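Below, in structure tokens: the form predicted on its own, a single chain.
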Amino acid sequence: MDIDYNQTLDLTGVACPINFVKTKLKLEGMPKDEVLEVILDDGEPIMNVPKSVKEDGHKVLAIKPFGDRFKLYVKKQ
């Protein structure tokens, strides 16, 4: 299943918690109901960022493996 998204944010190599801060800032600049694709490294980034965006009130639509990284799809609420 492909997910339609409006913008992409590549956070490869960005450490926690800076990757969440950058994700949060990007979402703040987007209209409600748009979808952001976030590319994250394995480990802390993929464990922490999805949880943090949910706590911030957004909806995680999917997390998909992408080579040695992951694609996180977040719908702005």
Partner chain sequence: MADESIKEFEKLGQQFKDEEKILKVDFDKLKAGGFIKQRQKDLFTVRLKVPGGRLPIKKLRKIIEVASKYSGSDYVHVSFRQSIEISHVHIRDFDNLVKELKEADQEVASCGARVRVPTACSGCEYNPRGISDTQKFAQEVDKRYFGKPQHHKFKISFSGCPIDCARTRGMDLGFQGEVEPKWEEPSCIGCRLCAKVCPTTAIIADKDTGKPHYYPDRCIYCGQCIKVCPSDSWCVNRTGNCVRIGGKHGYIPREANTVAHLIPDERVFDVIDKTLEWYGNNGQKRERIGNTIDRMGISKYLEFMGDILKWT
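Positions refer to the first chain, counted from 1. Please read these numbers as outputs of a predicted model, since none were measured by experiment.
We do not show the form predicted together with the partner chain, though everything after this point is about it.
Q: Looking at the partner chain in the model of the complex, is some heavy atom of each of L9, F20 and L36 within 4.5 Å of it?
A: No, none of L9, F20 and L36 comes within 4.5 Å of the partner chain in the model of the complex.
Q: Although the partner isn't part of this model, could you tell me whether M30 comes within 4.5 Å of the partner chain in the model of the complex, counting any heavy atom of the residue?
A: M30: no contact with the partner chain in the model of the complex.
Q: Against the partner chain in the model of the complex, would A15 count as a contact residue? Criterion: heavy atoms within 4.5 Å.
A: Answer no; every heavy atom of A15 is more than 4.5 Å from the partner chain in the model of the complex.
Q: Using 4.5 Å between non-hydrogen atoms, is F70 touching the partner chain in the model of the complex?
A: F70: contacts the partner chain in the model of the complex.
Q: Can you work out whether L25 and the partner chain are in contact in the model of the complex, taking contact to mean some heavy atom pair no more than 4.5 Å apart?
A: No, no contact at 4.5 Å.
Q: In the model of the complex, which residues of 31-46 put a heavy atom within 4.5 Å of the partner chain?
A: D42, I46, in sequence order.
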